[in-house]
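One chain comes next, on its own, written as structure tokens: the form predicted on its own.
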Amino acid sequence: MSDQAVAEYTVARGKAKSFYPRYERKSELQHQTHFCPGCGHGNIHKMLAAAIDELGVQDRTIMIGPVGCGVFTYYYFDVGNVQAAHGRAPAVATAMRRSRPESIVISYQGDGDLSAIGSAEILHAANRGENITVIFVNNAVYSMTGGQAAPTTLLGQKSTTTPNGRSPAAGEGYPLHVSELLATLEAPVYIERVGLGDNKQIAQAARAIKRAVENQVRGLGFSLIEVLSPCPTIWKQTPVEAQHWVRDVMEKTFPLGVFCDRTKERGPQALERLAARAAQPEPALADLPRILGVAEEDLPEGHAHAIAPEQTVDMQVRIAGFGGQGVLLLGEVLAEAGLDAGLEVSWLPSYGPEMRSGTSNCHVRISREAVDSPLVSAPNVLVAMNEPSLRKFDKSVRAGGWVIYNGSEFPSDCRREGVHVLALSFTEMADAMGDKRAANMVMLGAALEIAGVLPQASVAAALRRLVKNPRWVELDERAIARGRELFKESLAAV
């Protein structure tokens, strides 16, 4: 090809800008997706990415990922991504859209995720008319977990839990028609079912998906596109057979078409809502305690200016131990103290099923900047209240970080170059002060002294809000002070 021909060559169709150029979250084969050959998710992803590009909303789009075969939306879409628990994507989408009203929020879900465990969430989000876009991928089976029957499984369709074919007589019920069900509500603006059974259906599916996103851009309200999608692997068919099965079999149970379209009547209403919202002033920050019913004595005491503006704040703390050791309270005091000091915070608990003696840990982040994720995967402070917790999380501590260990000796095989260690029998020290249950507060004192960020006044205010018994408040304050002293003594002894 000549240089002139190359210069005149233009790409008519290429990879959507809303996709990552390379899927670097994958450990291998970063140029391709994880979907099976013939799976419908790939086509739907391309349609959705094209719609985002064409509408020019990539920089303000947030995808809510599901549990199921579409779980890895964050591998592929170069947009804001939030992972939701099983079935909860509409609830998460509601929160994102209301907290960030300038965003375009897309909930992406399969039939097991949306129509089974998530049936309440999708019903109420639709009934409220949330201004979100829902992509509902219906392949009539639980695919990721091995092919169990879903609410949308067809009558007579075999699955691992309906080996003889779905039968109402066997107590297995009937296929759930989600689009028809939601269309009976007054709030949704646009609901359509499309298929991927042939090229004509695929073209219509692309138009419907773009329209559903565009409805949100226009502020019209709730839109849902149900996509009948092939699943060759679980259906035990070739990709071509699976595509034909969508067109020739699934469509008989789930007819394609528009079940709700209120876009024309909602257009003027959307403009009225926007005007009314603009005319209504936001509640003043000072009014929030009254609105939320918070008592005056439980309010922070106004220490937000105690931290010097130039001081760097980046506390990423992991606290772990047995249930009953006060792990979660330790994290709560840290987070509340950060709030009192006017900082951005998050506190994320994680614990086993047992109230006592079960494993328990929590993540705490405190920063000047908005916290992008509550997870602390590489803490700069690890508070390990027992040896199992130490061994579980020790390797995650970043270089230059600290491990505070509740033990008289630090296990030699846990030591790492570049990670500082404070190992003391904090439980015995708390016991000497009056109650061994205050060990968590002694360790908190050491962590506070290490971080050197939070003012003591904020810590004391947080403690009084969280601990209502005056006797415990007094003991905990002494325990925190003792923890600070122990850290200073350890430095002096080096």
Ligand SMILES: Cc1ncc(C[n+]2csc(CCOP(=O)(O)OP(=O)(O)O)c2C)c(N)n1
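One-based numbering along the sequence shown. The structure presented is a predicted model; accordingly, all values stated were derived computationally and were not measured.
Keep in mind the form predicted in complex with this ligand is missing from the figure; the text below concerns it.
Distance criterion of 4.5 Å from any heavy atom to this ligand in the predicted complex singles out Val67 from the list Val67, Ala461, Ala49, Ile450. Put simply, of Leu176, Leu348, Ile117, Ala206 only one has a heavy atom within 4.5 Å of this ligand in the predicted complex, and it is Ile117.
In summary, the region of this chain contacting this ligand in the predicted complex, judged by heavy atoms within 4.5 Å and restricted to 338 to 346, 252 to 260, 137 to 145, 74 to 82, corresponds to 137 to 145. In the predicted complex, Glu226 stays away from this ligand, with no heavy atom inside 4.5 Å. Taking non-hydrogen atoms only, His86 approaches this ligand to within 4.5 angstroms in the predicted complex.
Under a 4.5 angstroms non-hydrogen atom cutoff, this ligand in the predicted complex lacks Pro188 among its neighbouring residues.
Taking the partner from elsewhere, Pro90 is found to have every heavy atom lying beyond 4.5 Å of this ligand in the predicted complex.
With contact defined as any non-hydrogen atom lying within 4.5 angstroms of this ligand in the predicted complex, the contacting residues in 110 to 140 are Gly110, Asp111, Gly112, Asp113, Ile117, Asn139, given in sequence order.
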